[in-house]
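In structure tokens, the next block holds one chain alone, the form predicted on its own.
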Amino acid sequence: MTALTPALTPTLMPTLMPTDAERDGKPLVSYWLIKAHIVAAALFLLLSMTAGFLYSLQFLGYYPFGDSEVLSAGHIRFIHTNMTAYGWLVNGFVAMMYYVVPRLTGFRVCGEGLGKLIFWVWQLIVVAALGGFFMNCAQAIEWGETPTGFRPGTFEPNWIPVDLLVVVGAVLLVVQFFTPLYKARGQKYYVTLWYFTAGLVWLALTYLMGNIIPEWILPGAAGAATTGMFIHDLVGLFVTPMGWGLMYFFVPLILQKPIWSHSLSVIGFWALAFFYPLNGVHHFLISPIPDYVEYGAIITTIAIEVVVTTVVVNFFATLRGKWSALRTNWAIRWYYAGAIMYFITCLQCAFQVTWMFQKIIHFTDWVVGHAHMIMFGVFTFWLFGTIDWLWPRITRRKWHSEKLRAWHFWLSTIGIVIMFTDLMIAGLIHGFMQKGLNPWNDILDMSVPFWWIRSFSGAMFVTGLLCFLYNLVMTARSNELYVEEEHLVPATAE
């Protein structure tokens, strides 16, 4: 096989339009927008991971800003979580969509001018959210601390209405990317476009649900249930579709193999849409929320594990006969390390959502380890892999250092395995000690060695990220041109 051509079955493998093709006198893909979002994403990730490391130090008694109200640990935690969600993940996924959607549809996005507007407005939104955290204007909603712009429960302004601006940004993204999708409506959509389409629609709906309804409409247990759905649906109905969409595009492209089963890809997509929306209530089991609602969350969460299994099987079956790619291709390493960790976390989730497990691990470090594995070990890994593959192609420069690529991967992988294992063990010991009515001081004393290990693994993350960022900058400044492998140069579409 020497080129990707339109003759390949479009439902099994992405049919690619060449990036330098022109429509209306302009290139199909805007490399400026891709690079801008990647750079912004990387900088916000550095801010997020630095904040996370600093936050971990307070558990060890070494937090450096303990006397500062503005830089209090609570504010730093908001930075850690929100910069991951809205600074890193959104920017990263948008960058990838600018590359993928035009190449799959053969049509440019709505406009480069709109793209620049979206880029700068989105960065201003993220910065405005940061300012709101420092001004004590955050919401009391996990992953939804972004300021509403009003005092709680009222319409009295107290900051920029960041929540509403996020929804406007989501709508602009829909306009930007649905334009080529609409123009290509006569084609057979490859499964990546299914995931991207659904993820963009769900983003605005999920965000409105979690940031508007609990604040003004549903108090008490009903508001908590809605908040729980928002926490999980933001992951399951935006981050997950974007992540799997990237996998379905780049894995067959890099391996030069069609995806193993189109049927499994369809099953995975529709099962995600059917089961995931109800999962979020499992964050509030054994609470005043009605039992039948909790049962629904437990059942659908366990069902998701079946869905995840089909998707993981699909990708590992695709890798069959190409196992050497795990040794020779860094992007494939990132993708499949993330896929393994996705399976582990979802398998873990299928057990931990039961009442029996919740009585032990709820409010312990187990939950923290689980969250870091999914957000860093899975979706961040997939974005790292995509950037690793794409950066030389959009800068047209060869990677500056292979050693730095290796350090980044191994520090990140070993670090997340250490953190996950450490916090899982700490959470189990904590849970059983709490069940045994041990004094709280004894539980804290038990946890301190595990917290040291957590901070050490976090330092590994940050060190690996610094290797990555330095390599990005030096690659962009390099004089050594990148030459595309022949088998990855797409043929001109007929």
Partner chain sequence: MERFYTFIFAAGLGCFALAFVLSLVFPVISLGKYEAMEFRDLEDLAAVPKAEFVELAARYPEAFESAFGTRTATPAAYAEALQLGRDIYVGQGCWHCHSQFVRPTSNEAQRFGPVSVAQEYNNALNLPHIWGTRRVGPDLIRTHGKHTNDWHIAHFMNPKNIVPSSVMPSYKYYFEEDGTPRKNGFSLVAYIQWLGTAYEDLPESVKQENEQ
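Keep in mind that what you see is a predicted model, and the values were worked out from it rather than measured. Numbering follows the first chain given and starts at 1.
The form predicted in complex with the partner chain is left out here; the points below concern that form.
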Among 304 to 312, 120 to 128, 379 to 387, 280 to 288, the stretch whose residues bring a heavy atom within 4.5 Å of the partner chain in the predicted complex is 280 to 288
None of T84, Q352, S72, T395 but one has a heavy atom within 4.5 Å of the partner chain in the predicted complex; the exception is S72
Contact with the partner chain in the predicted complex, heavy atom within 4.5 Å, among V168, V201, L114, I299 goes to V201
(Q) Residue-level contact is defined here as any heavy atom of the residue lying within 4.5 Å of the partner chain in the predicted complex; does K188 satisfy this criterion? (A) yes
query: Heavy atom to heavy atom, is E145 within 4.5 Å of the partner chain in the predicted complex?
result: yes
(Q) Contact with the partner chain in the predicted complex for F461, defined as at least one heavy atom pair within 4.5 Å: yes or no? (A) no
Even though the partner chain is not shown here, does F450 get within 4.5 Å of it in the predicted complex, heavy atoms only?
-> no
In sequence order, the residues of 161 to 185 that place a heavy atom within 4.5 Å of the partner chain in the predicted complex are F178, L181, Y182, R185
